[in-house]
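Given as structure tokens, the chain that follows is alone and in the form predicted alone.
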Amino acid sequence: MKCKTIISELADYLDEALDPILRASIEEHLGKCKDCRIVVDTCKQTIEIFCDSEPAPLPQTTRLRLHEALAKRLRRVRA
């Protein structure tokens, strides 16, 4: 397994939504790869920190920029 695969499957891994064989393969890789283990642990900690926090309101300019970026990305995906 390659580190790139870990990153692409990270959300499903953290959500425990992976096929058991793929999950086992990822866990084997994590046992050998310090860099990927750091990424996974950091993501877990970030989720734990923000899971119980209240959402912060976005400034209007940030909200508009985000919506524009998402719309642009969706147009590229659909094209």
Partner chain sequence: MGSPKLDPVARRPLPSQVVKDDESALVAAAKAGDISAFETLVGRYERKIFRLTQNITQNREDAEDAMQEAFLKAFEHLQSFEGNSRFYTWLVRIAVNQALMKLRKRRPNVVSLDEEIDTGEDLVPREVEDWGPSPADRYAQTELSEILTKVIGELDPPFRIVFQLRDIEELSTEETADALGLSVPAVKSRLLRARLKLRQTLNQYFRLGENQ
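Bear in mind the structure is a predicted one, so any value in this text is a computation, not a measurement. Positions refer to the first chain, counted from 1.
Below: the form predicted together with the partner chain, not depicted.
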Would you please decide whether residue 56 lies within 4.5 angstroms of the partner chain in the predicted bound form, comparing each non-hydrogen atom pair? yes
When the contact criterion is heavy atoms within 4.5 Å, does residue 19 count as touching the partner chain in the predicted bound form? no
Quick one: which residues from 4-23 get a non-hydrogen atom within 4.5 Å of the partner chain in the predicted bound form? 4, 7, 8, 10, 11, 12, 13, 14, 15, 16, 23
